[in-house]
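Coming up is one lone chain in structure tokens, specifically the form predicted on its own.
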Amino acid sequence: MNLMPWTRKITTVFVDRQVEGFAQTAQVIKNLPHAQVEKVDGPSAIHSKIRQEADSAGAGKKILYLCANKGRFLRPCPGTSHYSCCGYTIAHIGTYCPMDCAYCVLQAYFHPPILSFFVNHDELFGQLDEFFCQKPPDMRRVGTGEFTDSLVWDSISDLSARLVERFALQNHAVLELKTKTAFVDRLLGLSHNRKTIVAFSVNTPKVIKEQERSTASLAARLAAAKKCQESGYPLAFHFDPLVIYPGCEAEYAKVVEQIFDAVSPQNTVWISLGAFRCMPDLLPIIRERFPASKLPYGELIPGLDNKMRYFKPLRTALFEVMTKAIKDIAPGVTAYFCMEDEPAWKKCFGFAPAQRGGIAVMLDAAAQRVCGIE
């Protein structure tokens, strides 16, 4: 099995003794023959080791902890107060990411951040079976890309393939696999029944080069999207975070053009837009780990949820450019804001989500139209 470049950087695999006999544990270890394997009783020793590193966020990307998810795999997205949420359901398969984006909230969210992959997949699929039996289901859109990248594990685990094939057996929900990689070859040829959306986080080439270390280029991501479309998968794209810099408006509008030069609007389920925002604790981490980044020095103020956000007129101006570009090129694609308030919706889209039944209803309708869910 070919490893992704960042996977080769993993130096040590720590195996929680509670999962040392699991099939997925053996599979991951087999696919990381270069890494040292150590057994541990819980994460405490790993946390102590990482805290001693000068760059704990960076060190945590070289260590993999195989363990069990002791909570629910399926859980509602926590959203944020005072801003509209899409009602997404998280499939919590692991934490952190071996890629390295300056703005990544996971650097500050986990204490300390380490790569963790949950291997008690029998429980995950058991919960999915319960979920699929709900009539009608409480959750329609499920994704693995909230606390990690959906596809970074695919060179060492068959989880994504198994999820795709399980979702293909039902017609009530869709799985979204969200990634900044171009590693889609293991998805091609699977029986997916259009119940898996392959979603790409996209940005301008400038932002990708300056802020997204070890990720695929925009051209590579769009080439991968085209491959997925040719294999019958519906697609989605996420502009999150939009980063404000001189000339960004034209560059972001060009990315919209490039997307639909590569793939069909009719095969695109949704596009999300979200401006850069973060917990205040993340800003010093960015300054320390990405000294050349200008992100911490933008015109940021505390939002209603106490996250640092671009001054509202600045982000709204960029939103207007983006929504116009999408309407002009792909008017039938459902576009939405991730964590914005009603005035922004009304100014850029001409309506508030509540007037369409809420964001969740809008996105469910998009999935019904493009993916065929019931």
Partner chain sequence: MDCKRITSPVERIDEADTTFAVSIGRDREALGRSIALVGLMHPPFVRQKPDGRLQVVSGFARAAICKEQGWSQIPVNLLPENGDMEACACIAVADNSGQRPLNTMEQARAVALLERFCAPEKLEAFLPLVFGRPSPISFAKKIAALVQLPPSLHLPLALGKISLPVAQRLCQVQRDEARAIGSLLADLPLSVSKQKEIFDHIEQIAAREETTAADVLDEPDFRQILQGSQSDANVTANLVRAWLKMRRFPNLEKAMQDFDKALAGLGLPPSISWQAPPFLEGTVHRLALRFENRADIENLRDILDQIISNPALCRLLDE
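Since the structure is predicted, the reported quantities are computational estimates derived from the model, not experimental observations. Residue numbers count along the first chain shown, from 1.
Although not depicted, the form predicted together with the partner chain is the subject of the following passage.
- Look at 29 to 37, 326 to 334, 311 to 319, 52 to 60: in the model of the complex, residues with non-hydrogen atoms within 4.5 angstroms of the partner chain sit in 311 to 319.
- Heavy atoms of residue 71 never reach within 4.5 Å of the partner chain in the model of the complex, leaving it off the interface.
- Contact annotation for residue 296: at least one heavy atom lies within 4.5 Å of the partner chain in the model of the complex.
- Contact check for residue 213: every heavy atom lies farther than 4.5 Å from the partner chain in the model of the complex.
- For the chain shown alone, residue 284 is not a contact residue for the partner chain in the model of the complex, no non-hydrogen atom being within 4.5 angstroms.
- Proximity to the partner chain in the model of the complex, defined as a heavy atom within 4.5 Å, singles out one entry of 300, 86, 208, 269, which is 300.
- When you look in the model of the complex, the only residue of 304, 250, 133, 169 with a non-hydrogen atom within 4.5 Å of the partner chain is 304.
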